[in-house]
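Okay, so here's just one chain, in structure tokens, the form predicted alone.
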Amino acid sequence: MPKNKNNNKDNNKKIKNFLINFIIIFLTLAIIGSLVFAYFYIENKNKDMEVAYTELIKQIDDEKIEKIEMTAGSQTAKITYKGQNEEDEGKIVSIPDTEAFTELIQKKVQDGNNIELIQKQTNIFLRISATLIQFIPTLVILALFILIFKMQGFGGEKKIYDGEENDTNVRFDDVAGLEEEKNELVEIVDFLKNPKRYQDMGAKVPKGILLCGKPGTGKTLIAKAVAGEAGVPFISMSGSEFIEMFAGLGASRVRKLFEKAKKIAPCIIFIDEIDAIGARRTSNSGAETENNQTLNQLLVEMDGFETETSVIVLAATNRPEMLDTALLRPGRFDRQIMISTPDIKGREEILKIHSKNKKFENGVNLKSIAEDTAGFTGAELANILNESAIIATINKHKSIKQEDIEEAIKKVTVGLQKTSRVISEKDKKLTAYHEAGHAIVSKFLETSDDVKEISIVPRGVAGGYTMYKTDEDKFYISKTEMEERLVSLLGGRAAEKLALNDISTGASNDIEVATKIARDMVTIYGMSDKVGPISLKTDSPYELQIFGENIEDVVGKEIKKLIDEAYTKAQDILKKNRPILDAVSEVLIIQETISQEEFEEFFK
């Protein structure tokens, strides 16, 4: 059975169980509520017609009472007066001692008082209501506990993909851009297929492998590929599924998970977002107690099973620095594999995989797309192709065109195009000069990428944008590149000041990014001659005192110096090229977008 059908079946089962539980609890509370309402309604109605006991005795002596009705076990009686109409309801009186009252009436009858005493059995409805009222607190608490346990998923099912009957449907061929990572995991696959060969040699395969990397880089995908290649069951759980409201339930789930794994071994346990339960332990107090117990149980279980059981634990996290050190020691998670963002070759391969089930126009260049998406993860690349298919469908294209893909990239990176927004001429002129300033300053910086497109059409929160074409992946950034990046960022503000003799809030994000870059240059990368090659990255300002009392002043001055020098350089470039700045801005105001070829024409 395909995986998506299994997922639909599980989801339908969960929804059905939830609805049944909800209906049962709702009906139970509704019945109890109805009984309570009826009981108190009758009681309140009776109170409105009450007569004092002393008044009743006086009326009996005066022979005004015709009939008294009493219910067995009740402390109240209903009285009917002589001459009373049949449609009129009788009065109610509370009897302090029913036995003594009955004897009194019998004596009055013997003395010649013409009074009738009727004794009836208890009203079953009122008796049930009165009994239930006593148990209302218990019933409500019980109903709440049932509901909470159901919401917590106590004893819930784990997602199991059987390697033979219900395959994960993922192989190493489906994973692109992670060649070294796949080679690292090939031996795990071989061990699961041929465990005896390794055991005879005395080799111990790692019990646990931790996959680290940014979200969307393919950690879960490569874990499924290992199970798919080995043809073994794959048990998948999220770290958050272990966290429970009640103490001990998280630890219980860990035990059940490993018990299940041992029964169906050889298999793979995959724990996604393990930092949810594997974070560093703290003092056992408050809500952290449950997390600590869950983590302790995981540590015990990973120590408790032998390599002969052929159970391998794969886990994924994008925050490995948060994990408890006991979890990372040899014997638990022996290996850590860093899943990085793909390079240009890897991105092209990922795009080819995700383009298999899509219709593309002849001439669509996936390599060009890979060049424009430096730093993108596999999930982001898949999203771009999906968005391009949606855009092509909306535009009623027979197949996906290159322009559809480029529009998808802009939509993902910058935001949704807002063509319907009405922009004043003043704002349009300011945005045109701002974006032209970025582009022209970048043109005269040696390390800057080529300008691909300039636009003053609003996208997302941006009033306009300048896109750059990246032809290579950069793993290291030099000091010169960072300084020129500051100049490029401040080119928009410099253009506003030069052309309009005014500044706006449009440069706020540029200034924020520039300040962060300058601060990192001084405090992390040691790129300041005055501060020197030391790292000042710390959460506590008191730790900085070891470098001198005025170190914060020195750092602040160095950051300001970098920003001021970059701003001055941006202004100088624009002053020298003022005619081009005006020309680019005028074209932008008219046609709103300038392509790479059109931009290059201004410099010929």
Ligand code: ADP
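The shown structure was predicted, so the numbers you read here are calculated from the model rather than taken from an experiment. A residue's number is simply how far along the shown sequence it sits, counting from 1.
Just so it is clear, the following notes concern the form predicted together with ligand ADP, a form of the same protein that is not shown.
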{"property": "Among 375-383, 435-443, 251-259, 520-528, the region lying within 4.5 Å of ligand ADP in the model of the complex by heavy atom distance", "result": "375-383"}
{"property": "Partner contact for residue 204 in the model of the complex: ligand ADP, 4.5 angstroms, heavy atom", "result": "no"}
{"property": "Contact flag, residue 218 vs ligand ADP in the model of the complex, heavy atom cut 4.5 Å", "result": "yes"}
{"property": "Close approach of residue 354 to ligand ADP in the model of the complex, 4.5 Å, heavy atom", "result": "yes"}
{"property": "Proximity of residue 214 to ligand ADP in the model of the complex, heavy atoms at 4.5 Å", "result": "yes"}
{"property": "Partner-contacting position among 369, 456, 176, 295 - heavy atom within 4.5 Å of ligand ADP in the model of the complex", "result": "176"}
{"property": "Single option in 405, 430, 486, 350 placed near ligand ADP in the model of the complex, where near means a heavy atom within 4.5 Å", "result": "350"}
{"property": "Heavy atom contacts to ligand ADP in the model of the complex at 4.5 Å, residues of 487-502 in sequence order", "result": "none"}
